[in-house]
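For reference, the chain that follows is the form predicted on its own, supplied as structure tokens.
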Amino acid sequence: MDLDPVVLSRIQFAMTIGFHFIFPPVSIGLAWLLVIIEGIGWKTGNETYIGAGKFFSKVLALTFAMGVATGIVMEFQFGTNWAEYSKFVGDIFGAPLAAEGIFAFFMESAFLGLYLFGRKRLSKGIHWFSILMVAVGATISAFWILVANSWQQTPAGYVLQNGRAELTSFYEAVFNPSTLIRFFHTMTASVISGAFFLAGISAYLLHKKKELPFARKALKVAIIAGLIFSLLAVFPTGHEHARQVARTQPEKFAAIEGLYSGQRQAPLLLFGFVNAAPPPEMQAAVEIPGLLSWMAFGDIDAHVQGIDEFPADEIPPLWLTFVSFHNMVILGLFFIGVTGLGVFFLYRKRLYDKKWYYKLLIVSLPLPVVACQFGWVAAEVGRQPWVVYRMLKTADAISLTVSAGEILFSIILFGLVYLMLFILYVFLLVREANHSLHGGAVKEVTA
């Protein structure tokens, strides 16, 4: 059987990035929520909030460590599997990655150490400042990574010379047309991930019917933050990001929206099945006429390009792009519903009576990360066949000296390592939660 090194390299990269991308959204969101919890504890001296900070700081440390361990592999892959790509974009792509390491990662790591080990050694204000700097460092880190990714989606500030992209404007490259809106949308998704993580673990503790006051406080913070950022993820960040894609990557926009023929008064598809066989068509479609034109360009009569207006060899995979995007949207609406219900119960002072709601939060814990994965797949697959949009095709970006068998071997090896790491991560999380149920964290709070 002949193995395609391009397909295998893409599978390996998707697997390593996908696994890594489980942890950064959670750690970023959790860090910002701990800024709130620790801040309330510092200002009020409330031991319950301080106890919540103690418990979830351990969860943050565990998640951060997993993110670091899995992120190292990602950067090595550029040199091993994507050598042609590295040659082409090295002048540009290296700068944001270096900035991420110098300005963000070291800052985040140093202050995380102060936060974890300085609780009784630093003043309360300095200790709170340390978790604030962890959150800021994680956010800056996300910004530079998204700069690198966004430049691949909407290149700017470069000139093609000697067969490679060379930087002409650092400002234009950093603030290319998709950087800021992609950053804000990803940050809202990260806070949602942290909020559901916080809510799910708190609900698990409460579901065990133990008296854990800090879990109640954490749940309250989580559902309020979850509702606010779930709304922001739809509007304005999600809406504006879609408008940006419609202008800068119209074939991706047509693919994610299931628009296979260009038209004025383009409809917004609410439901449908993709039949990707050429010519592609949408079956059992339920649509609202004109709404897609209005949402994309603010004009119900605006023309929206369809898949039929692009060369056949530049059309992204239709089924995967469409399904990923719409699953992300469905999950986003689910998050609004779940957190909105929680805020309603909180307002009615019934939040802590709803055992079934605890179960709903527990099973919902991983769903924001799943939504992040769907969004990432829609963004990356929707860019195909380009690895750098309209500049370098994915098939021309791989390393020429690495065989398909070697790539397959590394996929199997990475898969086994990641499986063991994930099992270890879940085991440590559950052990930490059960430890608190048996007096660990609670004892610290009430002593």
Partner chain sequence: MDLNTVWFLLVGVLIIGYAILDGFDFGVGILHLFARDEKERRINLNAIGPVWDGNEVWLLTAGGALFAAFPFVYATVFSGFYLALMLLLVALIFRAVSLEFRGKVDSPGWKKFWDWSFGLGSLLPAILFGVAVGNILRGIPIDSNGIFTGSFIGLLNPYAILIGVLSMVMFLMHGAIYMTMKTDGELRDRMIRWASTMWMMMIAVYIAATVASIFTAAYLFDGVLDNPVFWILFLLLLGAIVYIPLSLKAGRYGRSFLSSSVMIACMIGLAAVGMFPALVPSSINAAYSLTIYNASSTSRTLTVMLIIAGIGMPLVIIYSAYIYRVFRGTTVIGEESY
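Just so you know, these numbers come straight off a predicted model, no measurement behind them. Numbering follows the first chain given and starts at 1.
As for the form predicted together with its partner chain, it is not shown, yet the points below apply to it.
Engineer: Choose one stretch from 40 to 48, 377 to 385, 24 to 32, 398 to 406: the one whose residues place a heavy atom within 4.5 angstroms of its partner chain in the predicted complex.
Structural biologist: Residues of 398 to 406 come within 4.5 Å of the partner.
Engineer: Heavy atoms within 4.5 Å of its partner chain in the predicted complex: does Gln12 have any?
Structural biologist: Contact check for Gln12: yes, within 4.5 Å of its partner chain in the predicted complex.
Engineer: With a 4.5 Å heavy atom cut-off, would you call Phe117 a contact of its partner chain in the predicted complex?
Structural biologist: The answer is yes: Phe117 has a heavy atom within 4.5 Å of its partner chain.
Engineer: Is there a heavy atom of Thr168 lying 4.5 Å or less from a heavy atom of its partner chain in the predicted complex?
Structural biologist: Yes, contact at 4.5 Å.
Engineer: Flag Leu365 as yes or no: does it have a non-hydrogen atom within 4.5 angstroms of any non-hydrogen atom of its partner chain in the predicted complex?
Structural biologist: Result no; Leu365 lies far from its partner chain in the predicted complex.
Engineer: Check, residue by residue, if Leu180, Asp308 and Val323 all come within 4.5 Å of its partner chain in the predicted complex, counting heavy atoms only.
Structural biologist: Checking in the predicted complex: none of Leu180, Asp308 and Val323 is within 4.5 Å of its partner chain.
Engineer: Please identify the residue among Phe105, Trp294, Phe345, Phe175 with any heavy atom within 4.5 Å of its partner chain in the predicted complex.
Structural biologist: If I apply the 4.5 Å criterion carefully, the residue I get is Phe105.
Engineer: Going by heavy atom distances of 4.5 angstroms or less, which of Gly262, Pro317, Gly101, Gly340 would be at the interface with its partner chain in the predicted complex?
Structural biologist: None of the other options qualify; the answer is Gly101.
Engineer: Residue by residue through 402 to 426, which ones have a non-hydrogen atom no more than 4.5 angstroms from its partner chain in the predicted complex?
Structural biologist: Sequence-ordered list: Val402, Glu406, Ile407, Phe409, Ser410, Leu413, Phe414, Val417, Tyr418, Met420, Leu421, Leu424.
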